[in-house]
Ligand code: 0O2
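For reference, the chain that follows is the form predicted alone, supplied as structure tokens.
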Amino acid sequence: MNRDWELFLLPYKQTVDELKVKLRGLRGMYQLRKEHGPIEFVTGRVKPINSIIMKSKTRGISLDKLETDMEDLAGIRIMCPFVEDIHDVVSMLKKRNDLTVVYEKDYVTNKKDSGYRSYHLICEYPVQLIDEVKVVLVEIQIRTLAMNFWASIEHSLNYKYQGEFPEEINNRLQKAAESAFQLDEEMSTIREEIKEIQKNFRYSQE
């Protein structure tokens, strides 16, 4: 089918842009209140057209059903300092009145076989267009910096090996995933001390 991709993806781009501003605003509010913020930084993207087409073929998704069957056309990623912050962010997002959580995938508690850890929320977000409000799906991923580092490496390797990793690479990824998890676990043991240091540092900068 012929499709004006730029027009089709416009609501998703607007969704990403709006949510990045809102979530970064929350981070700024924590800083102004001199409180520990569960959001380290926020990124977002609209899935590239070639990736959309490739995924539609591999997942058997018809192009005329992308809006309902492809949940990550718009993607937001929230990085947190500590594992505990992930659950705080999830709770915060569920309470928002501009988002409706459709369902969630907890890969933090239940990691994937590959070692992947992250918390995914599939949400509905209303976008105000010229003459209508369009509700689009957006995937929000919440993870720690360590989880994000591992996932970025795994994602890059996936492009090279198309998911069929050699055994040696797969074993190394598993070990790296466990190391990242242990780092998060260790940081959690000193979370309160770090929070206090951060708080005192902010006060000292005034």
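All residue numbers are counted from 1 along the displayed sequence. What you see is a predicted model; the values in this text were computed from it and never measured.
From this point on, the text means the form predicted in complex with this ligand, which you will not see here.
Would you kindly say which of 34, 55, 172, 27 lies with a heavy atom within 4.5 Å of this ligand in the model of the complex? Contact check passes for 55.
Is residue 134 one of the residues lying within 4.5 Å of this ligand in the model of the complex, judged by heavy atom distances? Judged by the heavy-atom cut-off of 4.5 Å, residue 134 is well away from this ligand in the model of the complex.
With the partner left out of view, is residue 85 within 4.5 angstroms of this ligand in the model of the complex by any non-hydrogen atom? Outside the cut-off, so no.
Just to confirm, residue 65 within 4.5 Å of this ligand in the model of the complex by heavy atoms? No, no contact at 4.5 Å.
Contact with this ligand in the model of the complex for residue 151, defined as at least one heavy atom pair within 4.5 Å: yes or no? Yes, residue 151 sits close enough to this ligand in the model of the complex that at least one of its heavy atoms falls within 4.5 Å.
Out of 81 to 118, which residues reach within 4.5 Å of this ligand in the model of the complex, heavy atoms considered? The stretch 81 to 118, when checked against this ligand in the model of the complex, contributes 105, 107, 112, 114, 116 at the 4.5 Å heavy-atom cut-off.
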